[in-house]
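Here's a solo chain for you in structure tokens, the form predicted on its own.
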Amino acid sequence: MLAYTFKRLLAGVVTVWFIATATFIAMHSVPGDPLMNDKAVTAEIRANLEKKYGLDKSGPEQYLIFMSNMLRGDFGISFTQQNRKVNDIIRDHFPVSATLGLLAVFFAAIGGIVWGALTAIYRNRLPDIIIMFLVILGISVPSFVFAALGQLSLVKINQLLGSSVIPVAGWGTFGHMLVPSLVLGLGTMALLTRLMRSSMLEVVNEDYIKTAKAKGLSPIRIFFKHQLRNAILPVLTVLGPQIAAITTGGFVVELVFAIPGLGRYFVQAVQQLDYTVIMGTTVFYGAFLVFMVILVDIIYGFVDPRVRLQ
């Protein structure tokens, strides 16, 4: 197990290096000039800015500077936000995205397991048909559509009640988190429901289920101890990457609901060609995703006693 963990960590380091290198090359290949603004109008000012950000050096030199700074955990200074480091932006705004993402994952995991189990129990009957229709809808419709519909529904509900029962936008209370987290977790919930349904249907016909029934165990005990426990393993496998994807992928939802998360600043950085913020957040997101995948791989070996990772 120790050797496997070391190999996974080494592969993760290589993956993060590849992400950082690809991001650096992509950003320096994108047309545009981040220093072309109202303040950088003279040659002298432009030369000073290039010197400050290291843009007066060659591409390989900039790459070595970027990689050495990244190894020290320093992603540089933002081009557009005055005297603000990328590390400060990540430190201040990632907790907001993480809180929203973890709440969305909680709703998605609970909903996916419950709805998936129900569809397996009521296979080819009305509950199964209705839930699977909603699942297809949740997978097919983009999150920004659900975000707009959710915000519009909140406006209508508040108008009917004559007060702001649930805030339409902003951040600070659980009411602000509720609808955005539900919207953000709908796609993952639909994915987990399909996965849970197929896994439950496979487990039902296993020999140990037939043996449990032959021993006279109650249906409830068979369901929770044997069916649900074994069917949930594939869900755990994809849950790690989904946690990272939801936590770092709520860009549109954060913009629609005016949530001051890291995704909102990433979108602004792309619009303003803020290279350091784009590269820093991309590497941070990539490293977080790699870490979650490795963590799930390790936990999976402990959850399922049949798995022995060597």
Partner chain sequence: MTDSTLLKTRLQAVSNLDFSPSDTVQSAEQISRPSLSYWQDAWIRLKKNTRALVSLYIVIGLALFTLAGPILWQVDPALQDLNQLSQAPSLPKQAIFVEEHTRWEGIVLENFPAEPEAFLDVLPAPTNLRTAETATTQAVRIAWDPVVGAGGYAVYRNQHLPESINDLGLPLGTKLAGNEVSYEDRLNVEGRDYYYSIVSTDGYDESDTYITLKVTPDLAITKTEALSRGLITEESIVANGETIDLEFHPFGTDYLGRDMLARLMEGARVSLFIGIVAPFLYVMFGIFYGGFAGYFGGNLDAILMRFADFVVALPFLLFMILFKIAFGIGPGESGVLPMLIALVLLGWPATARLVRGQVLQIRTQGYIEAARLLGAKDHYLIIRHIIPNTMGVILVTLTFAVPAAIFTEAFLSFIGMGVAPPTPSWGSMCNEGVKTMLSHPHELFFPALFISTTVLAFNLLGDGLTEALDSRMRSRE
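This is a predicted model, so every value here is computed, not measured. Residue numbers count along the first chain shown, from 1.
If you look for the form predicted in complex with the partner chain, you will not find it shown, but the lines that follow are about it.
Asker: Is F266 one of the residues lying within 4.5 Å of the partner chain in the predicted complex, judged by heavy atom distances?
Answerer: Judged by the heavy-atom cut-off of 4.5 Å, F266 is in contact with the partner chain in the predicted complex.
Asker: Does any heavy atom of T173 come within 4.5 Å of a heavy atom of the partner chain in the predicted complex?
Answerer: No, T173 stays farther than 4.5 Å from the partner chain in the predicted complex.
Asker: Taking 4.5 angstroms as the cut-off for heavy atoms, does V252 touch the partner chain in the predicted complex?
Answerer: So V252 counts as contacting the partner chain.
Asker: With the partner left out here, check for me: in the predicted complex, does some heavy atom of V141 sit within 4.5 Å of the partner chain?
Answerer: Yes.
Asker: For a quick test of understanding: in the predicted complex, does each of Y122, I294 and I298 have a heavy atom within 4.5 Å of the partner chain?
Answerer: Zero of three within 4.5 Å in the predicted complex.
Asker: Exactly one stretch in 105 to 113, 141 to 149, 89 to 97, 174 to 182 has heavy atoms within 4.5 Å of the partner chain in the predicted complex; which is it?
Answerer: So the stretch in question is 141 to 149.
Asker: Can you tell me which bits of 276 to 297 touch the partner chain in the predicted complex, meaning any heavy atom within 4.5 Å?
Answerer: Counting only heavy atoms within 4.5 Å of the partner chain in the predicted complex, the contacting residues of 276 to 297 are I278, T281, T282, Y285, G286, L289, V290.
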